[in-house]
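Included below are structure tokens for two forms of one protein chain, each presented in isolation as structure 1 and structure 2.
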Structure 1
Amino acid sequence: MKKNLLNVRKLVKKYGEFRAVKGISFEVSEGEVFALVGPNGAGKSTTLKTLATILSMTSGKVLLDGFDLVKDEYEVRERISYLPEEAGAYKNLTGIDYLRFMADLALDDRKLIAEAVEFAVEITALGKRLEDKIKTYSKGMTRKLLLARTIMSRPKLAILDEPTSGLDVINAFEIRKIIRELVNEGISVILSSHNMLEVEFLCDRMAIINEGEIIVSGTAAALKKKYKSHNLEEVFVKAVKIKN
């Protein structure tokens, strides 16, 4: 049995009076890729933002590598790295300057910073274009840069909100490959996605979330068996329908 890295217990997040996340619980083990899937507005992004420490939870308890998300905010931030759903980079910086700046913020040791930047350069595969200002990049190039930024510091947990949304087939394929490789380095991943093929290819386990509640969770195989379906899309539709 792998060691448990992230432990979420009865997580609740309210926006004003509106309960966007209604007490969800799940775990992610070391080296595991875990997916949150669900319809629009289900509360996936809200959950991930809370885990990324940029939203404060209304109630519940979350432990990451033994650190409490509320009490040990700083230690948690040192161990996670977050790629928001809609993210951008500083447009007036060049790609390489952006990576250097973010590595400087994420890490303390000079040697580790240099290694991280080198690693990121490799992942982006942008070559000479890294010397150009980010405002000249296409959407896919920026997304790859941001993904490289997220994982270059080798966090314990990478939090990826729809990592491949809006990308062409090839770029999406490459990004999936990179994420898959992360696991070999011992990095855990929690991601959200609307692409069931992606989820099936990438993830060890998944949770289907609807209206702020987890309906069901498990491996893709287990869920297919449970809902007597051939593919995850069918599982998704059935799970959400039954609930309603």
Structure 2
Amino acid sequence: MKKNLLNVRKLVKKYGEFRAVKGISFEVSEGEVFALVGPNGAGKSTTLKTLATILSMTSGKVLLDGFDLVKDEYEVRERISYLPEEAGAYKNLTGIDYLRFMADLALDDRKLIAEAVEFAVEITALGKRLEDKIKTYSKGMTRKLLLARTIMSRPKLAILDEPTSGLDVINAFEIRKIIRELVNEGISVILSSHNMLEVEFLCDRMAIINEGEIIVSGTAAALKKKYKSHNLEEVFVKAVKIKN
């Protein structure tokens, strides 16, 4: 049995008196792709930003690979990487220079930097286009570059917020394929997505969050059976409506 890499217990995030996340609990196993889905404003991105140490949690306990998110923040940050939905790259750099620059920021050892860049180049599959400036890239190419940057250091956990947002079918498919292949590299993934077909294709398990609370979680097959639904879109709608 795979052990849990991430353990989230009673996580609360408040903005003033407003509780954006209301004591949620879940776990992500080693080598698992886990989805956190919900309506706009449900608390998905807030949760991911908190796990990525971008935001400070109000209360609760989070352990990543045995390290406490609050007490061991440095050790946690060494083991995670985060791709925001609206991430951007330095458009006047070439793709390869951007990857080298980001590897230099993330790593100290020259050998590890070279290995990270080599891995990122392989992931992007952009070939000679990496010699071109990023401002000439399509949105799909830029997203591949950013995903490669996110995972180039082979983190224990990759946190991906809407990884295929705004992409066409072909580019979205290629990004999903890369994400599934991450498991073969020993990387666990937690992601958010509004695309239920994507969630079903990518994820081993999922949780639906609404108004800051997780209302249901499980495998796609188990949730479709529970809600007597043919697909995850139906599950999503039924679960949110029942909660409301």
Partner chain sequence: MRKFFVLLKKEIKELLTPVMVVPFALMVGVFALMGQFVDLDEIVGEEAGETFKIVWINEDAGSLSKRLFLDLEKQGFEILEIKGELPADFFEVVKFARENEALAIVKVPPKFSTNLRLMKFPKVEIYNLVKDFSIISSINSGKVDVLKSVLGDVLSALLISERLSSLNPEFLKNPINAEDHVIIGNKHAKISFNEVMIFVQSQNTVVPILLILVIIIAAQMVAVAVASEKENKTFEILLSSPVNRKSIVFAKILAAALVAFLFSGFYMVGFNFYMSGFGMDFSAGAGQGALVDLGVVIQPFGYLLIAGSLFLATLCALAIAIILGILAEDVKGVQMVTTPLIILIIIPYMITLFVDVNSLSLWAKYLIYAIPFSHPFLALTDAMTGKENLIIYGLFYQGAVFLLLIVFASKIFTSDKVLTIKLKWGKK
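In this text, all values refer to a predicted model and were calculated from it rather than measured experimentally. Definition used throughout: the rigid core is the maximal C-alpha set that superposes within 1.5 Å between two forms. Residue positions are counted from 1 along structure 1's sequence.
Colleague: With both forms of the chain shown on their own, indicate which is the form predicted in complex with its partner chain.
Modeller: Looking at both copies of the chain, structure 1 is the one that matches the description.
Colleague: With both forms fitted on the core, give yes or no for whether the Cα of Leu93 moves by 2 angstroms or more between structures 1 and 2.
Modeller: For Leu93, whose C-alpha is compared between structures 1 and 2 after core superposition, the shift is 2 Å or more.
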